[in-house]
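Take a look at this single chain in structure tokens; it is the form predicted alone.
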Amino acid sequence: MELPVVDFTAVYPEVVVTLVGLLVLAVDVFLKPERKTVLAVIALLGLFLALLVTLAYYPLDEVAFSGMVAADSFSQFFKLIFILSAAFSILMSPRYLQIFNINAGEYYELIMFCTLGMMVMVAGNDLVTIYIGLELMAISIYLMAGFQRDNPRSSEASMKYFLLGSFASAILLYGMSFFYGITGKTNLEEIARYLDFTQNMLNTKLITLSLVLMTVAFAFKIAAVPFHMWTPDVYEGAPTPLTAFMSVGPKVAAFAVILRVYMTTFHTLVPDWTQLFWILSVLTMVVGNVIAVAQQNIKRMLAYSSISHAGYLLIGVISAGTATEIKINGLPATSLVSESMMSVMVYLFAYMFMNLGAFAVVIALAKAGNPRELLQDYAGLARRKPFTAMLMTILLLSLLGFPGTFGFIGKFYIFKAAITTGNVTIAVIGVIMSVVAAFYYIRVIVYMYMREPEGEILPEADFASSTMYAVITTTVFTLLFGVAPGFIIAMARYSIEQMLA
């Protein structure tokens, strides 16, 4: 019996991230506490190398490891988001870790392995691979959420996320086991072929149950209502750099898996899962935006904002599913499918920059013993830190979807896809909820520019170590791609066409 040929070309980015994570863990043993910043430099250099490797292998289109890993431009697109998210999170971390006395070694190493888990997830061409990647990602976040062991909120966040995340993982595995029991397969392509050829002979109730279980698990990962209850508490209690990373990475990974699995494997079940996502999307947009209005803590407000953005993103997924059933001259409207999926991918790219930037501002304002997370802490910020206030204003307007920002481009394509595919009702709901969101985003701007702070106003330095570089970079990209998004749109379209070919 010959052993299968192992082609590491398909997983070079993952190999780089793994080796750098191990290097960070090894070097940490020999460094004194005051030199822990070196670990951040090593991690950033490693992520930059992984970014170059990912770009070099972007046009790759192959299946490796006995069909368990898909090395295509679709997975590479999302790997770019994960690498950039990890890099920005590490860039904004040293100052925060120093202020709150958090051990840096394990922190950076866990970010690397969490990134690895997400990369494995999106490259998964098999249910087993997807689950392994998800667990590697989730376990790393469970540990990081409780890093501030002397902080009761951090311990509560870690325990709450661990318990609820474990239930979600078990539900996902249960749903996957049903599909394996029905088809005898775990490979996504083989499951798709089985469902195509035998759909009239299958137990539809059992398939629907499997689909519901998997959808519930993914809804938890993207923080969709009513599976969102962990989000505000975990976001508030976890270290803020991790909150920033957690608000982007796992959400993007879950949406990437949803697009691959539901659009290519479960395409025969479109009527079932589009109805589920329709309900989840409306509930998520309404609950996320309405409750965000009442928040006085910036991290909790951004948590509910993150929930609402998951609702907008689900509109794109629904549009993609609906487009598969639209016929033009007797053929499926593949261009509509491509445009709908592209809208989700572009929105996710925009969401990464603007959300990470907003959390980076929160970190830049933090002081030892005072994290400055309340809305009143932002009163008069424009007089104390005019440059920081300006950057925060741009990022909040992008989250709102203001023209000229990357957030506007994302929302524009999402709503355009919905209207084009006939999902006008949910598009209207999305627009109305965007108007509601304007209240709590603009309220922060009003506090920064039009409210007087308590006590004497003392000017402060606008630059807070590497954290401000993260704020500036994310803001620049938010504006740059808001004016010239063609490059990202072209990458997304190319990735989708290659996957659906």
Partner chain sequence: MVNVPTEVLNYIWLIPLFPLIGFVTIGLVGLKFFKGKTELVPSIIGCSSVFLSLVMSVLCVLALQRIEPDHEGVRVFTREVFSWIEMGAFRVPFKFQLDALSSVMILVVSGVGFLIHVYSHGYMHKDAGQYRFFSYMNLFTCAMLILVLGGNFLLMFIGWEGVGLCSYLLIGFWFEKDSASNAGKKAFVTNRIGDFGFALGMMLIFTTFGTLDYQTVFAEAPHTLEAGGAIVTLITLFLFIGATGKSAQIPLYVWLPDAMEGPTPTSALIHAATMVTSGVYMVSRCNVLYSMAPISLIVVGAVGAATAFFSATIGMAQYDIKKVLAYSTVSQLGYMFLGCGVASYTAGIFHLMTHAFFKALLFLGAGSVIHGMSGDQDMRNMGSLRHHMKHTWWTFMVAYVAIAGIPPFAGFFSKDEILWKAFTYNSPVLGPMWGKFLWAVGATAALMTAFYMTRLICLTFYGESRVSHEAEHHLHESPGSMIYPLMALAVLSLIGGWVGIPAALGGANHIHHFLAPVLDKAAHGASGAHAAATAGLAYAAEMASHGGGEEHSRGLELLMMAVSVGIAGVGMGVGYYFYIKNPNIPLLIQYELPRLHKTLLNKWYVDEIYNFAVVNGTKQFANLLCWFDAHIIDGIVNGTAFAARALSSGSILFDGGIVDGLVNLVAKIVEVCSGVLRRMQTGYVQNYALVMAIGVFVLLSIYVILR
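On a predicted model such as this, the values are computed, not experimentally measured, just so you know. Positions refer to the first chain, counted from 1.
Below, we turn to the form predicted in complex with its partner chain, even though it does not appear here.
Only one of 99, 374, 390, 209 comes within 4.5 Å of its partner chain in the predicted bound form through a heavy atom, and that residue is 209. The partner is absent here, but in the predicted bound form a heavy atom of 160, alone among 193, 383, 267, 160, sits within 4.5 Å of its partner chain. Although the partner is absent here, residue 304 is a contact residue: one of its heavy atoms lies within 4.5 angstroms of its partner chain in the predicted bound form. Interface membership of residue 205, defined by any non-hydrogen atom within 4.5 Å of its partner chain in the predicted bound form, is confirmed. Shown alone here, residue 429 lies farther than 4.5 Å from its partner chain in the predicted bound form, counting heavy atoms only. Using a 4.5 Å cutoff between non-hydrogen atoms, residue 175 does not count as a contact of its partner chain in the predicted bound form.
Listed stretches are 358-366, 85-93, 241-249, 226-234; the contact stretch with its partner chain in the predicted bound form is 226-234, by a heavy atom cutoff of 4.5 Å. Of all the residues from 467-489, those having a non-hydrogen atom no more than 4.5 Å from its partner chain in the predicted bound form are 483, 484, 485, 486, 487.
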